[in-house]
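Let's start with one chain on its own, the form predicted on its own, as structure tokens.
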């Protein structure tokens, strides 16, 4: 496969234009318009990436997590960034900061930065963006993601205070999830906020083709041109195309056909097939993603024996070896060793289907309706092999006496169905999801505050003791924080709060014409990529 150079900025006959458009859409090799009597005067370099999920909307509150909006961080930037080799928080749109108290950080902002619509970046812009994100209409998603309510206040033209409503020891780390949008868009075109991204990043949004792709163009006025080191990379492509291909087999085929430069989340078998292709390589790396089963302690799973039976019924080793191709590690907790609060003493629950069946029989003898039907769901495009995983888990659960029905849902169906607190689901049929959870904040408080406290945004689990432990750990710092959060981890482990499968490695098929080093957070940022030399 040769790296694509497509499209021109010259006038050619209509037939040639149509030919170029068709070839560019297919992301093929350089277009030759000589047959049409005209030669291209200027070529455009295009990076094409196949991703598993299309965003359901483009509100900045949704962009933060990136997995909900693959590639959107090419457009949007934050005050700070993370070094995932060291865990350090580094400057980005902010150049320095000072913690004023346990709720507030004062930021000195980068000067000379402009939004894609021409609006100046300054303290007022930051305040407008952050305060808008935490309006009543928008705040639920982001508040749930980072477990905090934030506000911002202008101090000087390039000085702004960002505050949490409550004391927050990891406020700085959380700001990695808070992108800054154009104040001009918010004030003058708020109706476009959910469908158009306007940031300060190296690429500008060109078009969102629903059901097909997200297209971006290089930003000639990006501040990072003058300081690539601070910006975390440089612009190497004129255009980006992020194609939405939910099936991993289709993404892999697109890479093998030379239609895309990167195929996100492929299987080990698909990686092996690339070994014989001189134009492709497989890039696989550990991640902060953990595959787990979210069932909580409500409804059918209010009985601890039923929760334990679910864990004992799942043959994690078989799933990893046969479906994930060994690219995962069996786990006993929701974070790996990169996160504060990781408890090294938690061993994975064993595979013991006989004991699982005995537990269900004992629960049934006490009146628990263990045979009641429940939905076992997975989100489309979650990871390579996710359909096979959910089907395999369902089969294992049926073998011991559970009665699951499998549902693989597109994001716009799955996310609303599972973005609820347990209290909103009382009296409804049990819903169980196989998730990937990424702890990019590198602190397990973030995981627990979402999934395992009574008021967690998406928690189906409620325990006063767990609430107490998480609150106590969240108020601490350093070693004391680590130990208290380890204690919380021991509690949810003993109480069987969730089903655990594995820490994930994630793999990609990558063109040999592209240089890209996959990092722990697995962000698909073009500024970290370049044509091979």
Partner chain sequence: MLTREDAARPKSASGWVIARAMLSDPITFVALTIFALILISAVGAELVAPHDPLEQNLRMRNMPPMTPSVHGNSLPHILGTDPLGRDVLSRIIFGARVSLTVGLSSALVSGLIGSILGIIAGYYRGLADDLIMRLVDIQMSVPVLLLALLVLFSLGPGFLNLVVVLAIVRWMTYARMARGQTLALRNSPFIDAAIAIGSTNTRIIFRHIVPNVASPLVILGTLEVATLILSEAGLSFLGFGIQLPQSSWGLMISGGRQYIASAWWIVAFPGLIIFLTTLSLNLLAAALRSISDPIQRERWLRKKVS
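Being a predicted model, the structure only gives us computed values, none of them experimental. Residue numbers count along the first chain shown, from 1.
The same protein also exists as the form predicted together with the partner chain; that form is not shown, yet it is the one meant from here on.
Visitor: Between the options 406, 285, 462, 330, which residue brings a heavy atom to within 4.5 Å of the partner chain in the predicted complex?
Guide: Contact check passes for 406.
Visitor: State the residue from 226, 221, 98, 247 whose non-hydrogen atoms include one within 4.5 Å of the partner chain in the predicted complex.
Guide: Flagged contact: 247.
Visitor: Using 4.5 Å between non-hydrogen atoms, is residue 388 touching the partner chain in the predicted complex?
Guide: Within the cut-off, so yes.
Visitor: Whether residue 395 contacts the partner chain in the predicted complex should be assessed with a 4.5 Å heavy atom distance threshold; does it?
Guide: Taking the distances in the predicted complex, the answer for residue 395 is yes, it comes within 4.5 Å of the partner chain.
Visitor: Does the 4.5 Å heavy atom contact test between residue 269 and the partner chain in the predicted complex come out positive?
Guide: Yes - in the predicted complex, heavy atoms of residue 269 and the partner chain come within 4.5 Å of each other.
Visitor: Determine whether any heavy atom of residue 318 comes within 4.5 Å of a heavy atom of the partner chain in the predicted complex, and answer yes or no.
Guide: Because a heavy atom of residue 318 falls inside 4.5 Å of the partner chain in the predicted complex, the answer is yes.
Visitor: If we take heavy atoms and a 4.5 Å cut-off, which stretch out of 99 to 107, 359 to 367, 296 to 304, 318 to 326 is in contact with the partner chain in the predicted complex?
Guide: Residues of 318 to 326 come within 4.5 Å of the partner.
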